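Here you get one chain, nothing else, as structure tokens; it is the form predicted alone.
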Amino acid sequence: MKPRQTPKPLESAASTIGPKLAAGSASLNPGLRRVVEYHWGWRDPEGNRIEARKGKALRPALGLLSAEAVGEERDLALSGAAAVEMLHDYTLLHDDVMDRDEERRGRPTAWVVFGTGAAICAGDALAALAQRVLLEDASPRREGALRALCKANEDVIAGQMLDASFEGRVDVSIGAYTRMASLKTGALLRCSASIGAILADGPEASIAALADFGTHLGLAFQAVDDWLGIWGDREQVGKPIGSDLRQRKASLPILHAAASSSAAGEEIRCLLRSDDPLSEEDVERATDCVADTGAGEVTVAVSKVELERAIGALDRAWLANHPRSQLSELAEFAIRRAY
């Protein structure tokens, strides 16, 4: 996968929602604020300000563009864009605890620095803050946007639970995986891609098209995440490669490899069924086996199909031309990213 230059909407979104995030974090309990701003890359473990470490800002970018896509100013979506970013970061804080991931964006995760309880509480605080920020919006459609945000949160939790239940299993079907990914990843991108249009009181057909775009983008995004989890560059991804194999997660390439009738597929199935921790040598061997089954190519193909479906969804209703082209650009970037 060849990475592409970061699209301007991502850079613009990060700077646009920055003041909203800062005001939100300033309203938190000091202890929670310290964990949240560390997670955001604004502070070091001692609480000192540092040069901000930037994430992808994909979700707020989608939120801002969705308002423009229905012909309104992006400022109408500012609270929605900030809310989806807060909700996303809450899920990351909890994910890191559940997966016991010790690194994110090239430095120790929040639970490693502050403890499991503090990281969970900080995530909970962000989930609550996301709703409060959205309710502070003056838009008459804020309640509809809040319903969309809450539904996304419920779906993400359900998807995360399914994902955890799949670990170590070799009988997970691709259909079950797709259902999980559509909840865990697709739901929040679905909300992100439509919340601005909801706040802008856009046409229902346009909101539905944007939501479908986000759902398919989420499936493409998760496929790329799964690919990067095995073959990505550690420095660019910002965390150790191979953790999906170590944890025996039911990621897309692992499932395709486990379904293979080849000798490599049988070896993967044996590793997944074993109760013994995987050594580094085991992970390296498992990586080779997954590659030998062609699962990497299949995963890339899935991401491309879902990308086509996402872009196709934008054709189903009226959307302003320029933001529509920017949404397509973001989708293209999302499956060609290296992190």
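Residue positions are given as counts along the sequence shown, with the first one as 1. Predicted model only: the values in this text are computed from it and were never measured.
Only in words, not in the display: the form predicted in complex with a further copy of the same chain, which the text now covers.
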Run the contact test on 118, 143 and 160 with a 4.5 Å heavy atom cut-off to a further copy of the same chain in the predicted complex and return yes or no.
yes
Candidate from 312, 31, 294, 41 lying within 4.5 Å of a further copy of the same chain in the predicted complex - any heavy atom
31
Let me know the one among 227, 111, 90, 166 whose heavy atoms come within 4.5 Å of a further copy of the same chain in the predicted complex, would you?
90
With the partner left out of view, is residue 73 within 4.5 angstroms of a further copy of the same chain in the predicted complex by any non-hydrogen atom?
no
Do residue 246 and a further copy of the same chain share at least one heavy atom pair within 4.5 Å in the predicted complex?
no
Is residue 233 near a further copy of the same chain? Define near as a heavy atom within 4.5 Å, in the predicted complex.
no
is_contact(residue 94, a further copy of the same chain) in the predicted complex, heavy atom dist at most 4.5 Å
yes
Sort through 102-110, 131-139, 192-200, 73-81 and report the only stretch with a non-hydrogen atom within 4.5 Å of a further copy of the same chain in the predicted complex.
131-139
